[in-house]
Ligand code: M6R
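Form predicted on its own, single chain, as structure tokens, below.
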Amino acid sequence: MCGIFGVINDQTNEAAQTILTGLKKLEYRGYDSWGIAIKPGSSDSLLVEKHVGKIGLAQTSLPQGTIAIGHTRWATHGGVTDANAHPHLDCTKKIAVLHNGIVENYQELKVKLLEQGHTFISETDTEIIAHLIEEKLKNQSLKKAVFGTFKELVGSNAIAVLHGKSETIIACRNGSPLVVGMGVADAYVASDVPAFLKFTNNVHFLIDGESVILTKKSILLYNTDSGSEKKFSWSVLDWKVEDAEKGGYPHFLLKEIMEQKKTIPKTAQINLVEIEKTAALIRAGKKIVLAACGTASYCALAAKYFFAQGGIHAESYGAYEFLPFAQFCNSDTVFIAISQSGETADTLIAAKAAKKNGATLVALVNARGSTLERLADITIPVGAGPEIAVVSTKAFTSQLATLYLLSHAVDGTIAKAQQNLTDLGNALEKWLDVKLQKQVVELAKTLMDHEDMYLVGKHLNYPATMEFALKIKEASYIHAEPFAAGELKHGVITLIQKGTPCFVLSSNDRVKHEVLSSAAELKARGGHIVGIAPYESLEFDSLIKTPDAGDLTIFPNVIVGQLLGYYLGVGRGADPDKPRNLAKSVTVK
């Protein structure tokens, strides 16, 4: 959802510009509108600038200063307007508030504040937070006012509060992510590390129930409920600044697609201890349940096939539909929750339900310090590095590669699986190049004006079609619908008419000929057949040839979908890094 960023003791005395630059790194979290509040010089008053629209080319006219906070919004309560953009001020205009989440009880709180004489200028749930703090400050300290206010909010929330008079930033977390960064004299708080990575990689990830108070002289951590001080647990991240930069690519999405030449084989060398620990539980007889949302849910489904090929039964669920089945989890269950951010609300709900019933919780995550990681009994960080584009690519393939390793670790063939991933990396180095990009561009040109396309695959290529179709939908806004190849004759073939783009995803496997039979059925009804496969066939009207990697052919087959979605999006005028209506981390139900 939304992106929060604050700085204190800005070393350039251009805190507003520092915030603006950092918000541009967080725009994947929300890009309906943006805003900044700064305490200029010696004045107690706060100056605010906020605007509707994407922040990419924005500039700020705010004056110099060393303390500021800023926000990039993904709208929930209230439309996309300047008035609804954050930060929000209290009646005195001395308190500025940023918010990520949803205040579920905001209506009843607002009624009480109106009775007390407060004036509201927005439609948001966030604005009540500023007025609640203002009201409590009449007879409480700033710390108690902010902590007390935060404890009144129902739901998953994170806030950052700037108080001009005391030159203080206070941030609180309950369900929505926050991370503190400590420089030499400067300090930061943000929804995610890329906002301040150019200044420091020394971080503390807040857990639920923690708050941080930043002043010019100190950084203090507290338990929000008790108000007692806590000790920081600082970590030094191995991320590099360039990991969060475009590196010469026109968009993060293309950069992250191309990075898979490195990130996929990297998984073969990391997390071996955690993978073996999880495998031992499964070998001991525990059943496997996988749950996730969106892209990660297709990863879970594909992993189910990997386990099946090793003679291991696994169940997979969309986390948003898991709760009716949580009753079947117990102490004999390994529950594998998959999430790029580790903050996906529905995945967290499913994970908590499974753990409450006694399951061993394994978190498969990319971003570090997340809620899911802290809940887990075993964490397997896939190490794809910062994924800035909203559309997930390298996180998906790194998660899938890790689950491939796990499936082989259970039956004792992990060394072979490691070699297969290394070989795949070598194949991707040769295949994922400018020549392939040009081929996909030419294909995209033929599809640009279509509003519907269909995809079929079987076995491992069935979840591949799901992920392929999702990339088309997310990046280009074209309706792309995936089907299991065997489903065609049961009704959906009625959708095919002359010229309909039909993608056939296939591998050199035992169901190859069944898939080609489905291609023939589509072609007979007038479909234009695009083969995504490591072989040629008369059934294909055109072909994007992928490396023949056995079971791992699913990886290049999906990568074609990533590239095609990207180039279709660019060609149709969409922003492939920040698709409309989407945010990177879905932290609300």
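Every value quoted in this text rests on a predicted model; they were computed, and no experiment measured them. For every residue, the number given is its place in the sequence shown, counted from 1.
What comes next is about the form predicted together with the ligand, which is not displayed.
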* To do: Would you point out which of 127-135, 333-341, 170-178, 218-226 contains residues with a non-hydrogen atom within 4.5 Å of the ligand in the predicted complex?
  => 333-341
* To do: Mark His88 yes when one of its heavy atoms lies within 4.5 Å of a heavy atom of the ligand in the predicted complex, and no otherwise.
  => no
* Counting only non-hydrogen atoms and a 4.5 angstroms cut-off, does Pro463 reach the ligand in the predicted complex? -> no
* **Partner contact for Pro482 in the predicted complex: the ligand, 4.5 angstroms, heavy atom** => no
* Asked: So in the predicted complex, does any heavy atom of Ser392 sit within 4.5 Å of the ligand?
  -> yes
* Asked: Gly294, Pro265, Gly369, Pro386: which sits within 4.5 Å of the ligand in the predicted complex by any heavy atom?
  -> Gly294
* Which residues within 466-481 place at least one heavy atom within 4.5 Å of the ligand in the predicted complex? -> Leu470, Lys471, Glu474
